[in-house]
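One chain is shown next in structure tokens, namely the form predicted alone.
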């Protein structure tokens, strides 16, 4: 065996080693790195599973897997979850992971002053108890069929009390990578955690580089400056990469729903006739072909084809400009009406805005396009609700609950929908769940609070020697825990 290893080493150039670092491209830079304090998917794309871990995790297939909880049991009434915790997990700041950390993390997420973007995920938790350090008992106020899945979201990760206040700039978790550095506007660097409780990462270091421009992203990949771009922003360049044996091109799916979000707190978007008119005015196939190079599927509600309980509602609003004009006239909207569409950096928005503006012009609407950077969008649109319409992809999985919130940036407030969602949460039988999911999707289609456009495809381009990259993205993540180079 020693002779074989020695012979193999002689094949490498003097001083050379098998590659074990990775440079990953991302379009958007995270506003910060605390996954429990912001909605931006880019935070999760850097940190989920790499730095932070929850009791459960979502894998590449969208299945629930053990993470910091090695196992669990559920009471017959579906209200009590007993988790057996990993005995040897330690935070990067030296804090031992135990039940006290679980209680701190869940209580913090559900607190009145919580800034967790998915605070409703924790609303059903009545109490978290610690019979011993390695056992956590979570009691819900009502059965919640999606509880284990929800606790696998990035927003439900475990947080060390010692470092909770500084996670935005120095993220600390229990994961297989540790945070090293953040050069704002350029990159975030991670290094392998030698004290990880599970299987050690095969990569010694990872650098996430932020490249928003599609042309620059293409050039960086071709030059070898980047090893991988999991959400490649230039689908029009894929044929070039497919023809180059140095690269793997992998087109899969995400949980992303691309929508034209409408601010119902502003007139005339509070008028159902206007919202429906906008839906009839947009040719989804033309959007997909012109903006996504044919990748993606049209959607008719806020749910993904292939998810359990999906109802095909694409035909509810076919492309009918004449019908759109009639509805606008009925609502008192005269030709020449002007609206502003706010556009964050991704191509589905910037390029998509141009395509949609041309369609709206055909029904007498002048769409003014307002490009802005990601941090501006999060502040002006997502936090202040100061916009008319915007193009955005919601990438959280199975997130019909956002339409049942008391307050959210598109200002949809419908008691009937909220009551339906509460019934869905409490349902435990699969048939009842599927029926209620269908009712929720149909209600959104009927109310058309936003114009539902397309699924967000996962277009991945990476070095052909890389193994372990996710083909699909059931949650927003660049999970690098099993990625390695095949030499």
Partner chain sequence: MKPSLAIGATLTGLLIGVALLSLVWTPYSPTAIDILHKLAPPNAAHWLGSDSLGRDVLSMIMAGARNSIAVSVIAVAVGAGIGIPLGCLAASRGGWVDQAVMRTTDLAFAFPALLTAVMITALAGPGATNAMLAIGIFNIPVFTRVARGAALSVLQRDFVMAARAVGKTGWAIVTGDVLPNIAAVLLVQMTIQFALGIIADAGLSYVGLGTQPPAPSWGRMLNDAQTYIFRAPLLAVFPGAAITLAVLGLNLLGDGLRDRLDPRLRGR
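Just so it is clear, the structure is predicted and the values come from calculations on it, not from any experiment. Here the rigid core means the biggest group of C-alpha atoms that line up within 1.5 Å when the two forms are laid on top of each other. Positions refer to the first chain, counted from 1.
If you look for the form predicted in complex with the partner chain, you will not find it shown, but the lines that follow are about it.
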Hey, in the predicted complex, is residue 239 touching the partner chain, heavy atoms inside 4.5 Å?
yes
Should residue 407 be counted as a contact of the partner chain in the predicted complex, where contact means heavy atoms within 4.5 Å?
no
Classify residue 321 as contacting or not contacting the partner chain in the predicted complex by the rule of any non-hydrogen atom within 4.5 angstroms, answering yes or no.
no
Taking heavy atoms and a 4.5 Å cut-off, does residue 351 contact the partner chain in the predicted complex?
yes
4.5 Å heavy atom contact with the partner chain in the predicted complex for all of 314, 434 and 441
no
Among 361, 379, 129, 399, just one has a heavy atom within 4.5 Å of the partner chain in the predicted complex, namely 361
Which of 74, 148, 331, 355 has a heavy atom within 4.5 Å of the partner chain in the predicted complex?
355
Listed range touching the partner chain, judged in the predicted complex by heavy atoms within 4.5 Å, from 298-306, 89-97, 192-200, 281-289
281-289
Core fit, then residue 153 C-alpha moves 2 Å or more between the shown form and the other one:
no
Core-aligned C-alpha movement of residue 104 between the shown form and the other one reaching 2 Å
no
Distance direction in the predicted complex for the C-alpha atoms of residue 40 and residue 372, relative to the displayed form (3 angstroms or more):
farther
If the C-alpha spacing of residue 286 and residue 239 moves by 3 Å or more in the predicted complex, is that a move closer or farther apart?
closer
